[in-house]
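Only one chain is included here, represented as structure tokens and corresponding to the form predicted alone.
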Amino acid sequence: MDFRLTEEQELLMSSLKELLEREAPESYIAELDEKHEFPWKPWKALADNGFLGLGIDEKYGGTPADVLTQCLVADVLGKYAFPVGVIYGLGVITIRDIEQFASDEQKARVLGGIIKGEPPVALGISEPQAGSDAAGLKTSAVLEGDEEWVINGQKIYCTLSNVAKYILLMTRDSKAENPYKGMSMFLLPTDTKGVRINPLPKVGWWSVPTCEVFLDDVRLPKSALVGTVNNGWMQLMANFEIERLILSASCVGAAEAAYEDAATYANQRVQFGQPIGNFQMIQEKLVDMAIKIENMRNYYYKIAWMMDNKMPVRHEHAMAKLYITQASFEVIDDAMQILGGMGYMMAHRIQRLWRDVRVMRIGGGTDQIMYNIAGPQLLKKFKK
């Protein structure tokens, strides 16, 4: 396996770093976080420079890109502007679902807007009684006559829904014997009558809004269906793997930013007459942090390589997500420990990275769900 980036990837990452240093300096990201504001300026800058079109079909104005390239973009975004990296990663699954299953009209309407800088399509899955257990969905879609769907229900933790133009909404037919074969997917404009969206306060992700969505007799044309009726679960699962990997890559960038802050501070902070970096316990932490960053990056490189070579990664991607999100938080937590009181102050980005990365072990599939995905597959290898 060749770990060298292509010349195109090197140039792309270099231009992205320059763009973020100019359009999203740390002081600006901190300001957005404090004000709980969506990062419109850097998001539009990404669009203007072609980054939001990566991986989208050329017929809609996009640029072909492999999974590794998209992971590299998320990694850099995670280091320089983590909220933007999260938004980028969240958009991947809905973009792919739309490209793979939506009608030509839906694709043209949605993908062109994203390339120009519209927010990603939000994903409406979780409900108050149905998080990891998607079979518990109760949001319904009933075809009234031959031309109109009537949708009722509630979604929670629907990230980006208050800024997005569309929600990729999952519903369930309660009459279906198998709940996973009774789910359908819809493209729901957020300004549709009967849709009510409320932002939810949370520990982190202050620039990445998460909301509850109420759906009261929402009427959609028959053409709002994405893919085929009762095939929504299979459509959704088709692209969860890449979303999890790209979000994990953004965590690696965040961990690297925290590590660099910690190493710089260890060289500058003097206690007992010398820089704290001279103490073996601090050096041990820094070495462990560096090893974890190396391992995390190598891990997503491998899984991306497998995806790009059309190899199955059903349990491999789950193990990568599990390890990377845990290890990245550990690195950031150690960075906070090295900085001491300074790292816990709101004036330093360590506390923000600490808050923002913690939820990555919950969203997109909890640690426990990743174990549940990987464990049975590993056991199968040893069944006689």
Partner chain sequence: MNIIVCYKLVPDPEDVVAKPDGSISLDQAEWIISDYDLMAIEAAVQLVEANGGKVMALSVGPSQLANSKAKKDVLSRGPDELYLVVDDGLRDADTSLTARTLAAAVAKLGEFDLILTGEGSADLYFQQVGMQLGELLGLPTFNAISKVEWSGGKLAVERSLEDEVEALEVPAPAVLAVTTDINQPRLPSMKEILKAGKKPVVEWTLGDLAVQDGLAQRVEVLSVRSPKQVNRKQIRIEGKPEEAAQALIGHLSKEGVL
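Residue numbers count along the first chain shown, from 1. Computed from a prediction, not measured in an experiment: that's the story for all the values here.
The following text describes the form predicted in complex with its partner chain, which does not appear among the structures shown.
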Exercise. Within 4.5 Å of its partner chain in the model of the complex, do we find a heavy atom from each of E7, G62 and T69?
Worked result: yes
Exercise. Okay, which stretch from 46-54, 31-39, 338-346, 351-359 lines its partner chain in the model of the complex, with non-hydrogen atoms inside 4.5 Å?
Worked result: 46-54
Problem set entry | in the model of the complex, Q368 touching its partner chain (heavy atom, 4.5 Å) | no
Problem set entry | L12, heavy atom within 4.5 angstroms of its partner chain in the model of the complex | yes
Exercise. So, in the model of the complex, is A374 in contact with its partner chain at a 4.5 angstroms heavy atom limit?
Worked result: no
Problem set entry | Sequence-ordered list of residues in 82-116 near its partner chain in the model of the complex, where near means a heavy atom within 4.5 Å | none
